[in-house]
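One chain is shown next in structure tokens, namely the form predicted alone.
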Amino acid sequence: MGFDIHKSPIDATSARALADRDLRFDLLDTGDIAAYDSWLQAVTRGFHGPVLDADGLELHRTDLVDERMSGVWDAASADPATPIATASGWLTELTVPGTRSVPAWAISSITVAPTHRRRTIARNLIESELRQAQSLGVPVAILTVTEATIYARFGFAPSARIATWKIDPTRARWNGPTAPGRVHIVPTENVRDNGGHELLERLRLSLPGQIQFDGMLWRRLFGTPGTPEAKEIRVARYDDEVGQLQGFAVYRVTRAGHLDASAELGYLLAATDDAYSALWRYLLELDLVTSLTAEMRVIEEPVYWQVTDPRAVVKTAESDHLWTRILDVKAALEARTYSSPGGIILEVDDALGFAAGRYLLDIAADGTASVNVHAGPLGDFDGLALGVAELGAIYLGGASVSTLVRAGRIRELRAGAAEAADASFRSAVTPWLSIWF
């Protein structure tokens, strides 16, 4: 898409609504360092983070150059230079089933100061981001959330989930295959700056729910430079038989006593089954480690089946992570491929009006699809009535249509339509987003 998101004007609808409350909604002038730093401090405040020092501010200013940042200012506040609300958005690529991707508008940094709650500020921020995405022709909006009760009202729904796994290495003896390559312990920069990101890009289209990312989102996987956490990070890489990087693990170990330590897996990426097995075996066989915790992982881990005692591998939490909002039904649904051919009428309700309509999803034998407005009768097609949030939930194959029918969230227009839709929307690879943003 050939456009500069920074030249797109602020959303007029939200600007007028907030002006009626004596608030100014505007784009951040990133050339004004003082204003930029105030905006960054407001974002950090919104997520209860520490006040950023000079080095932290400089690092963030460098890393956020691709984002379109906006804020809300209250001239009557005690600190009128600091925004009382913030938002940001940028273009990325969202992987969809079929080793394909769709342009997506990633929304982040949504904060409102505690002093300005319940004044429709958040609503105006989020709706402005959706209108911004639509104006640029972006068919899907995405975000990761801190509060799960907010975003459904704007048409978002969880489309990829994550899990936390806790493993007792003293019981989880390795019973999986022996990889032919080799694991190396390397300095952080060996993977972070030399080949790791290229590996991620090579794998990205095989992981539905993954997004294209670099910059700060990439570097912070290895610990934010200059922080105590970065000094604790360890990196292991797996090279195949010919010495090519095929996977890596980022972790840290905390000692609780002379013979007792716990390990935390921060990130593990594997291009092959051999790389996956070798890295997990390495982690499970770390000396003195009696507890291994892995957060933000897939909800089904093969390592469960690679140890002698599966009860030593416990999923301690599973939660929503990536939330998806369809803005252009035709473009979004045509971007992915499907597991079973057929024709499905989708009656989509959207309170905000972006995606409302009656569509025919016509899936060919090769899994590709065409989508068109359908004003005629149901005829021989299967049919579903659903909200735009429910469409987002099933979009990547992470939620079952049949389950949402039983939950009363989707209505069949013909008996058996849910089963047919499940066969089509199913993804062979469980959707997973490996970062938060």
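This one's a predicted model, so the numbers in the text were calculated from it and none came from an experiment. Note that residue numbering begins at 1 and tracks the sequence as displayed.
From this point on, the text means the form predicted together with a small molecule, which you will not see here.
Engineer: Work out which of the listed stretches, 142-150, 351-359, 244-252, 211-219, brings a heavy atom within 4.5 angstroms of the small molecule in the model of the complex.
Structural biologist: Careful reading of the contacts points to 142-150.
Engineer: Do Thr111 and the small molecule come within 4.5 Å of each other in the model of the complex, heavy atoms counted?
Structural biologist: Yes - in the model of the complex, heavy atoms of Thr111 and the small molecule come within 4.5 Å of each other.
Engineer: Quick check on Arg131: any heavy atom within 4.5 Å of the small molecule in the model of the complex?
Structural biologist: Arg131: no, not in contact with the small molecule in the model of the complex.
Engineer: Indicate whether Lys231 is a 4.5 Å heavy atom neighbour of the small molecule in the model of the complex.
Structural biologist: No - in the model of the complex, heavy atoms of Lys231 and the small molecule never come within 4.5 Å of each other.
Engineer: Is there a heavy atom of Leu199 no more than 4.5 Å from a heavy atom of the small molecule in the model of the complex?
Structural biologist: Looking in the model of the complex, residue contacts with the small molecule do not include Leu199, since no heavy atom lies within 4.5 Å.
Engineer: May I ask you to choose, among Thr120, Thr224, Asn194, Thr272, the residue with a heavy atom within 4.5 Å of the small molecule in the model of the complex?
Structural biologist: Exactly one residue meets the criterion: Thr120.
Engineer: Taking the small molecule in the model of the complex as the reference, which of Gly46, Gly387, Gly56, Gly383 has a non-hydrogen atom within 4.5 Å?
Structural biologist: Comparing distances to the small molecule in the model of the complex, the residue within 4.5 Å is Gly46.
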